[in-house]
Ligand code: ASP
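So this first bit is one chain, no partners, the form predicted alone, shown in structure tokens.
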């Protein structure tokens, strides 16, 4: 029997015709000799019926015997006639719910062992734990939710490709085996058999190779790029991940931002049939930190911070005086019309949260009562300063306000964690709103306040927007954000060899180190490298946000778990001595070569 239809394809218009379905037995039940089977594949579920009274007498025992072997999740093939389901048994929730297949022939293709967990559509909280799902991922993938996530992902990537191809981009594959560089996260390294003692590195990104494509005249490049970073797994990170990577020559920042917005708008229309509003809002780095406590601001709700440093500068409150005297800041946030939902017990819990989770030194609160701000520390503020705080925060009767204080960045970032917690507790975070935004006006360098060492804010290939020796020089870089998550980063790149060398020296690399690690790259810039720039966005992260998943593991076919382990094939695993010797790692180790964290049996 050859499959003629999928388990999600039959409709009332097919009634009366013969069909062959092949899939997995999701559920089966016997009603007085009449057997019902829910047959499933990735397209849907169709009810299959074996009724002895509607079957040729010569076939009854044979078909009944075969269907008696249909264990749950077995792969089977059934052939029959499409008919309308009995009135009152149809299922309006299922696209195939008006019809069923009356079986005239059946074949067991492969009997399944008893599944370790239920494959059908589970209600919230019924799913097995994640490690069990990862161990039996091939079964977990049969769930409608997982099939839908992978189908959605495929559709998004397809729409991205369509848009970029329409706009003259070329899809080019860059190497998976390259050299390790000192920038970024830890590399995954691969030993070379033909060059003992030397190693390739898997790409953390195609950054340098895509810039080489610009030098080579491939003026519009893209790639659905697999990348690798040896870093701790989190809900939005994996050791291996996918990004949509692109680079363009002879462009400025507006060209790149416009191209990305056009691509996302095209994806949006293809997915939802609606027009996405562009251009996306833009917010400067410093403004984002000071308003939202984050460089990936969630702009779907209020609870914005207000600067209060100057308002309270002369307050006789010793804690604030000490912080401001050391160059720190004071800021406040007003809970507004949701203040009545936060009583004194909740206030105490937020104070503890601010210390334990947000890493703030403390949290000051005040409530507006009878037209003035009151609290257990109000006595340390003059009436005029209290009124200034009230006016700055636009506090009205009953409003609760929180004040944070400390060093500029750490305090605002801690406040951002607190802001998110309050918004979640009060139900202020909408589930059905998708707010894209651009973070712009970023610094070129981050300076360690103790050592004074300069590090690249994004990476050292960003084009500076001014003299790199100036105190607050900016970089021509930007982030695209969605609902409080960073989707990706981009920039204009340095295309002048001398400037690139100077930036690498600025972040502390010696001439010898620059030549060793980046000499080949800088040499290429000297051969007429065009002005260029680009961006990379995380595909896994985008899909997870659009589908409302808590972790990117739920939108990746075969992810690693929280410990970066694949429970399906139990990797990573030790390598036997024969393979190690073929790579000459054992003998090299015996000769004193430092192999770092390689797991080698002595």
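Keep in mind that what you see is a predicted model, and the values were worked out from it rather than measured. Residue numbers count along the first chain shown, from 1.
Form predicted in complex with the named molecule: not shown, discussed below.
K.L.:
With the named molecule left out of view, choose which of 364, 77, 207, 223 has a non-hydrogen atom within 4.5 angstroms of it in the predicted complex.
P.N.:
It is 207.
K.L.:
Could you tell me which one of 332, 416, 490, 475 places a heavy atom within 4.5 Å of the named molecule in the predicted complex?
P.N.:
Selected option: 490.
K.L.:
Tell me, please, which stretch of 35-43, 550-558, 529-537, 566-574 lies within 4.5 angstroms of the named molecule in the predicted complex when heavy atoms are compared?
P.N.:
Among the candidates, contact is made by 529-537.
K.L.:
With a 4.5 Å heavy atom cut-off, would you call residue 242 a contact of the named molecule in the predicted complex?
P.N.:
Answer no; every heavy atom of residue 242 is more than 4.5 Å from the named molecule in the predicted complex.
K.L.:
Using a 4.5 angstroms cut-off on non-hydrogen atoms, would residue 133 count as touching the named molecule in the predicted complex?
P.N.:
Because no heavy atom of residue 133 falls inside 4.5 Å of the named molecule in the predicted complex, the answer is no.
K.L.:
Decide whether residue 458 counts as a contact residue for the named molecule in the predicted complex under a heavy atom distance cut-off of 4.5 Å.
P.N.:
Residue 458: yes, in contact with the named molecule in the predicted complex.
K.L.:
Would you check, heavy atoms only and a 4.5 Å threshold, whether residue 142 touches the named molecule in the predicted complex?
P.N.:
Contact with the named molecule, no.
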